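This document starts with one chain, in the form predicted alone, laid out as C-alpha cells.
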C-alpha cells in the first residue's frame, strides 16, 4: 500500500522544534524519498505513518513516498526491492539477518553517519549488532529485553536474592528444588524457547563474539567450547531445575507453573509480563533480573530482538535518507514511538525516556548500561532458518535427555557443514 506525504512551509517552525537534525552536517535536504516498510500491523503502521508525517513537517522540501508491505511478504520481497533500485530506505533487522544484504552489496555502509551524528554514543548498546565487515549498516529504532522474570515473593519466603553469578544461581536453584518447586518453567513444544536458553548460556560461557561466530557457521558444534555451554546447561537439567514434560507445552501453557508457584522463574522476553499480570500476579510478586554471569572475564551479551532502518546501496536521495535515519534515531522520536500508546517496547537511544513501568525501566537500564558484550537478535534470527530449526530440535532433545549430547552435537555439526 502506498502513501504520499507532502507538507507546506507553514509547518517548518513547529517541526524544527521536534527534531534538531536535517542532515549530519546541518544543511537542509530536499527531493523525493522512497521508504519501504514492513510495519503492516495496525499499531506499527500508525507509528510509521506518523513518523513520516513528522519527518516531512521538519523537512518540507522532502516528498516521501511510503510503501507499506505485509511483514511476512516483505521477507521474500526485500531483495527484489533493493536490487531494483526502487527504494532509498527499507525496514529490516539487526545482527546476522543483515548479512545476506551486506554480503550482496545491497545495504549502504553508514559508519560516517554514526560518527558525525553522535550515534556511536546514543546507540552504543546496539552498535555491535549493526556492525559487519568493519561497516555499520543501519540504525535501530526499537527492541525489547529478555531476562529472568521471577516470583519475588517466593524468593523472599525462601530467603533468596536475585543471583548475579553462576554460583549464586546454582545455590538458589538447590534451595528451590528442595522446597518442592522447579527453578524454571519453560515450554519447548515449539522449540524457540530452548533457543533462548542456549543463547544465554553460550554468551555467558563463551562471550557474544563467539556466539555470533557460531550462529554464522564459523565454529564447529563439536568444538570443546560449545560442549562447555551444554555442560553448564546439563548442571541445571540434572538438578531438576526445569519443569517436567516441558516438550508438551507452548510458552503460554508453561505460564501457569509460575503463576501457581510450582516454578519460580521464567527466562523469557518482556512480552511475558502482560499475561503474568492478567493471570493475577501483582508487581509486588514479580521481579526481573539479568541472566547471571558465568565467566567474570566475559562482558554480558543480551538477547534484544531489534528492528532497524537501512539505506539502499543504490539509493537515489542519500542525503534525505541519512536525514531520515538521524530523525528515526533521535531520543525524542524513539521516546514517542516506543511508548505504551504506540509500539510499547524499548527505545534504543540511551537518552530516550521510557514509560513508567517497572519491567520496561529495568530492561532499558540493562540494555543501555550493562549489555557491553553486545546485543544478539535471538537464535532463530541470528542463525539461518534451516540451521536454527535443526539446532533448536537438538536443544529440545538435549533438555529431555542430556545423555544424547554427543549425538546432538554431531547432528548439528553435520547440518552446519551442509547449510553454510
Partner chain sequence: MTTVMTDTPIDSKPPRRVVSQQTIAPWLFLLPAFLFFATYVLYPIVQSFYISTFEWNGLYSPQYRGVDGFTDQQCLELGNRAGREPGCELTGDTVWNAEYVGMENYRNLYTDPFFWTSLKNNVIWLVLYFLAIPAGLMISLFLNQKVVGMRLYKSLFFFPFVLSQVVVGLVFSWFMLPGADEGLLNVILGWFGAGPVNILGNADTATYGIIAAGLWPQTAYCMILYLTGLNAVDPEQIEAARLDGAKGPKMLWYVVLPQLWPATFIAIVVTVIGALRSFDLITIMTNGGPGFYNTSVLAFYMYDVALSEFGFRMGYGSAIAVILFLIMMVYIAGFLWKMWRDEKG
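Small disclaimer: the values here were computed from a predicted structure and weren't measured. Residue numbers count along the first chain shown, from 1.
Beyond what is shown, the protein has a form predicted in complex with the partner chain; the following relates to that form.
Checking 61, 386, 70, 358 for any heavy atom within 4.5 Å of the partner chain in the predicted bound form turns up a single hit: 386.
Distance criterion of 4.5 Å from any heavy atom to the partner chain in the predicted bound form singles out 314 from the list 235, 314, 164, 127. With the partner chain omitted here, the record of contacts in the predicted bound form names 183-191 of 183-191, 296-304, 330-338, 269-277, defined by a heavy atom within 4.5 Å. In the predicted bound form, the partner chain sits beyond 4.5 Å of every heavy atom of residue 363. In the predicted bound form, none of the heavy atoms of residue 252 sits within 4.5 Å of a heavy atom of the partner chain. Heavy atoms of residue 178 never reach within 4.5 Å of the partner chain in the predicted bound form, leaving it off the interface. Among heavy atoms of residue 158, none comes within 4.5 Å of the partner chain in the predicted bound form. Judged against the partner chain in the predicted bound form with a 4.5 angstroms heavy atom cut-off, the residues 283, 287 and 370 are out of contact without exception. Taking the partner chain as it sits in the predicted bound form, the stretch 56-81 comes within 4.5 angstroms of it through a non-hydrogen atom at 72, 75, 76, 79. If you compare C-alpha positions, residue 389 and residue 81 are 3 angstroms or more closer together in the predicted bound form than in the form on display. Whereas the displayed form keeps them at a certain spacing, the CA atoms of residue 195 and residue 75 lie at least 3 angstroms closer in the predicted bound form.
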